[in-house]
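Before any questions on binding or motion, here is one chain by itself as structure tokens, the form predicted alone.
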Amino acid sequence: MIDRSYKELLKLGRFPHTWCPGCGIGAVLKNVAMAMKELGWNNQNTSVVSGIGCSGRMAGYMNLDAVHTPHGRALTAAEAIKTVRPDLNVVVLSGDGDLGAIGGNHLLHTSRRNPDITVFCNDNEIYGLTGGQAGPTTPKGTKTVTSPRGEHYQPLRLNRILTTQAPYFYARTTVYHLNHFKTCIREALLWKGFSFVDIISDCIELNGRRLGFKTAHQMFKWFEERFHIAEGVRDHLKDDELGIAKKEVEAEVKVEVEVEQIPEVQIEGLKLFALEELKQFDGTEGRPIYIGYKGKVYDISASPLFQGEKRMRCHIAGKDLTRDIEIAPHGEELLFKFPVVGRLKE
């Protein structure tokens, strides 16, 4: 007997759904619900978040606490929920336009912060809800409403962006490769940390027909031609591979920084300078350049700043610079390179 208990996680009173016949979003919704049911995720321990677009409607069909956010803000809401309620399972259901375009900046930084949330991206490579415009993942050359001669730009490679810095979990699958699809969903839900499943999906009405496909099944067979399954777990996936790329936290490399020891200078026996006397050593008429610091007198005449035809006029010569150097970021370290020639009278 077929187990249909996953329907407990769906608001069946809202069906039939609003998506076009043949749309892949229904397959995403159903298989995510099935995996969550198997893991015991329910309306007592799980919250779902979505953004704007056809894919963003998924949260409204789930019998869970759901948040339908403004465009591109699904990840910020999900991370906020996980921060204040770390006991909850938090899932994001949205599309490539919402997550990769207006929400792209949030995608970068949410993945970097690695909160324990799972993102399912229905990647139909088009802006479907608004009529079929080119989106961030639309393949180059695709004819759309906004690119009637073919999309001019390369698509956003989510696989490359989300696998640059460990830890990460990135999976790519399609709504056609059903068993692989189910595996990716389950593995992502079980991953501790930020996990992202890029689900290549079909939009037959506003993308497929312009590409010459008559049915959703023809688009599915096109997915079979475009992609192949990469067995095992990888660090990265090529652009035509379906699979899972994941990496744990990289071990921190400890770099030992050698701290330069400041030599102790014996000032007993050195000449004693009054402040008025120190002012005479200002670098003019062949005199050296002296400054005072913490009771010592330094000769900074050899500084490159005061050499050659383009040498600077030294406005600090003959002064006690203790207070000025203490608030400078690197003044003290630079000063210790010069010889001590005397001591200041208190």
Partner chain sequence: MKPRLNVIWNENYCKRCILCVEVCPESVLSLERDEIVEKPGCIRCYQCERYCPDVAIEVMDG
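Numbering follows the first chain given and starts at 1. Not measured: the values here are computed from a predicted model.
Quick note: we don't show the form predicted in complex with the partner chain, though the next part is all about it.
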Study note, to complete from the structure: Checking V91, C184, V175, C203 against the partner chain in the predicted complex, the residue with a non-hydrogen atom inside 4.5 angstroms turns out to be V175
Review point. Just one of L158, A216, L189, L242 has a heavy atom within 4.5 Å of the partner chain in the predicted complex. Which one?
Key: A216
Point to revise | 4.5 Å heavy atom contact with the partner chain in the predicted complex for all of I327, P339 and L344 | key: no
Check your understanding: Does G26 reach the partner chain in the predicted complex if we count a contact as any heavy atom within 4.5 Å?
Key -> yes
**Study point:** Contact of L10 with the partner chain in the predicted complex (heavy atom, 4.5 Å)
**Key:** yes
Point to revise | Heavy atom of Q154 within 4.5 Å of the partner chain in the predicted complex | key: no
Check your understanding: Taking heavy atoms only, is K279 within 4.5 angstroms of the partner chain in the predicted complex?
Key -> no
Point to revise | Stretch in contact, per heavy atom within 4.5 angstroms of the partner chain in the predicted complex, of 162-170, 226-234, 269-277, 176-184 | key: 176-184
